[in-house]
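Before any questions on binding or motion, here is one chain by itself as structure tokens, the form predicted alone.
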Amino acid sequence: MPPTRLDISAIHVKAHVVPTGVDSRGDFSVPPSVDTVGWYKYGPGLTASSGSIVIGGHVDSATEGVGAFFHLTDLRPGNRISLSSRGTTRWFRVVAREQIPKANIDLGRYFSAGGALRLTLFTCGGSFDRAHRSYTDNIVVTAVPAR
């Protein structure tokens, strides 16, 4: 089941979730609007029992300003996240937050359909490279099912 809503009260996020895939370069595609986040539709969905449910969103935009994931770096272990769709809600608890140079990130680790169920949130971070019009790093938050 595709998730349609992401709520993270610790950083005041209430975002609509839309299915996404990959862009023409083979990179994870996030929705163009900074207020909407994307669920990687080729991976596990809301009712999955294993693997990484991946959600990506913008940190900001030169034209739209602050994005849904602008404060992702403020999340701490123990913060709760809800992911929902059509009356079904799953709760997750943050266990890790990393800042990883884009050139060094092992995406297979985060986009895996195997292993224990987890929620993986992605956004950009680090320094802004004006020449490439991109941030140098990724911010990755990992959360596990909460009871």
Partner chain sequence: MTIPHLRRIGMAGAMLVVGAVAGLAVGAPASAADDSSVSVVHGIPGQPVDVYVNGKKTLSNFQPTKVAGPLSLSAGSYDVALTKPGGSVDSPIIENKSLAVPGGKNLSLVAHLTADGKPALTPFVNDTSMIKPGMARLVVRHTAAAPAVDVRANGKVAFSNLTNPKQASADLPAGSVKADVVLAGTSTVAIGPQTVNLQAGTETIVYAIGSARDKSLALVAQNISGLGQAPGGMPAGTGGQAASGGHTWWFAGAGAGIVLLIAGVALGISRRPHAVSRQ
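Not measured: the values here are computed from a predicted model. Residue numbers count along the first chain shown, from 1.
The form predicted together with the partner chain exists for this protein as well; it is not shown, and the discussion that follows is about that form.
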Distance check, Q99 to the partner chain in the model of the complex, heavy atom within 4.5 Å: yes
Partner proximity in the model of the complex: L83 to the partner chain, non-hydrogen atom cutoff 4.5 Å: no
Non-hydrogen atom contact D35 with the partner chain in the model of the complex at 4.5 angstroms: no
Contact of I53 with the partner chain in the model of the complex (heavy atom, 4.5 Å): no
Within 18-49, the residues that have a heavy atom no more than 4.5 Å from the partner chain in the model of the complex: V22, G26, D27, F28, V30, Y40, Y42
